[in-house]
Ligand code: ADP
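Okay, here we've got a single chain as structure tokens, the form predicted on its own, with questions on binding and movement later.
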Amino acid sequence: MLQKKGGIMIVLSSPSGAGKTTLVKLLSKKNNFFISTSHTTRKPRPNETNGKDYFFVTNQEFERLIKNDEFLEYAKVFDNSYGTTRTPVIQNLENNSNVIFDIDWQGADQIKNKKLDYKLITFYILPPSKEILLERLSNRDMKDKLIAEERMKKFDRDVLHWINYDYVVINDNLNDCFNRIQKLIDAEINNGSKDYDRNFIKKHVDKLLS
């Protein structure tokens, strides 16, 4: 697929705790991608900065943005709302900057369905196992273990959406995962050969859900 104009859009999605946010930051730093910063109604974690990690807003402000049709995509995840405002994304794409999104499957579907006039590459990140995912969630700055358990309950349903992504990458080792994504992006941009085995991914998903 030839790029029609402007920059390209790269989407990373994953079940909660699989590492997409860390990967987005690494890819942005390496490639100078513009990170699309989402608005959210959830409370910031201790290590998060307003305007950098997210724009933390009230439910009323989020509803105002929806009413004014300012979101490119938005969704409710674990009782909190998340959304990407249209203007900064389109401005960057028009200026030939590549934009990378850290969003869930609902947002990815909305962006795909909008059929914007820019090349779109979508990635779904999976953990090596459920046990490792639970360990990552439990080690994250979550005071309440029930939060980790709540996220694990949604895991089986979320994983089913892997089929709608261009590529699925297993985050067993962060550097290896980063390099695999980087190579696939480079191959897409330069029409190169892609080292990707969809059958292997399907077997891994079946194992995760067994």
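Start at 1 with the first residue shown and count on from there. All of these numbers come straight from a predicted model, not from anything done at the bench.
Keep in mind that the form predicted in complex with the ligand is missing from the display, and what follows is about it.
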- Task: Using a 4.5 Å heavy atom cut-off, state whether Arg136 contacts the ligand in the predicted complex.
- Result: yes
- Message: Against the ligand in the predicted complex, would Glu61 count as a contact residue? Criterion: heavy atoms within 4.5 Å.
- Response: no
- State yes or no: in the predicted complex, is some non-hydrogen atom of Ile163 no more than 4.5 angstroms from a non-hydrogen atom of the ligand? no
- Answer for Asp172 alone: is it within 4.5 Å of the ligand in the predicted complex, judged on heavy atom distances? yes
- Message: Under the 4.5 Å heavy atom criterion, name the residues of 17 to 31 that approach the ligand in the predicted complex, in sequence order.
- Response: Gly17, Ala18, Gly19, Lys20, Thr21, Thr22
